[in-house]
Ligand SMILES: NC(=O)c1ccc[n+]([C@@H]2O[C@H](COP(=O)([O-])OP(=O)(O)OC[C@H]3O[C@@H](n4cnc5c(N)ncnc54)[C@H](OP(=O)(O)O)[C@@H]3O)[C@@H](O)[C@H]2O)c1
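The chain that follows stands alone, in the form predicted alone, written as structure tokens.
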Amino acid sequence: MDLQLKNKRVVITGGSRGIGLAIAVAFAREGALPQIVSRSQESLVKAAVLIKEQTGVDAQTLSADMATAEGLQALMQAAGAADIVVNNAGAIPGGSLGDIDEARWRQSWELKLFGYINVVRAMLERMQSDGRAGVIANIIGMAGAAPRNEYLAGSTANAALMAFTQAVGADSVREGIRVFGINPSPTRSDRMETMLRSQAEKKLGDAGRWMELTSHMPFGRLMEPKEVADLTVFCCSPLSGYLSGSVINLDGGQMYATPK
């Protein structure tokens, strides 16, 4: 299937590993030109090599901190006339209200919440001024739709981003620009494995048994980054041209499943 993405310029924040890197690879396979953004130059170099090896495409890289005004300015200078923007940067720590102090709460929101908002604001204004029909995708997270007290800061930020995406995406279509979101459920990554190993050590007395903690999940496993990437790329393509103002829950139905 031709997704009609050849030579489209795609900016992906948090694009050097995990879901972001999988999204960059998926776009490159469709003939798009990814530009990956990360705070780590070392991670960017490794990611660019992997994208080249797997797709033959030379990805552009940008080392920038999207939690800062300087990082946003660097992104806007490097992005140019981007056709597609994917917000994916950010990791909010787990914990209940008493576990995370105000400083840590605000620090994590600067990247995941305000970072997304600032990128959308800036890129939307540029697309509108250029008169281009662009696409902005926000990779958010299922905790916004199914909040958990043990992930309170993340649940609250994700819920805010869902509302933001729905409201902005409902209006941006007036200018021919689509804005939508995707809520991935827990996805396989180094960070997720580290967290599950810690939980397995506490619950099972053996960090090596961390896979047992995923047996209750849909299909008995974590979601793969590629599964998030494939949906993202399809939704960003012209084949999903009527999609805007929506946030898609990608959780295998887990939110509605009866607990075992």
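In this text, residue numbers run from 1 along the sequence as written. What you see is a predicted model; the values in this text were computed from it and never measured.
The form predicted together with the ligand is left out here; the points below concern that form.
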At 4.5 Å between heavy atoms, is residue 32 in contact with the ligand in the predicted bound form?
no
How about residue 65 - does it come within 4.5 Å of the ligand in the predicted bound form, if we only consider non-hydrogen atoms?
yes
Just checking whether residue 207 would be counted as a contact of the ligand in the predicted bound form - the rule being heavy atoms within 4.5 angstroms.
no
Answer with yes or no whether residue 136 is in contact with the ligand in the predicted bound form, where contact means some heavy atom within 4.5 Å.
no
In the predicted bound form, the residue from 153, 89, 179, 84 that sits within 4.5 Å of the ligand by heavy atoms
89
In the predicted bound form, does each of 8, 132 and 169 have a heavy atom within 4.5 Å of the ligand?
no
Among the candidate stretches 181-189, 72-80, 124-132, 93-101, which one is within 4.5 Å of the ligand in the predicted bound form when only heavy atoms are counted?
181-189
Give, in sequence order, every residue of 202-240 that has a heavy atom within 4.5 Å of the ligand in the predicted bound form, or say none if there are no such residues.
none
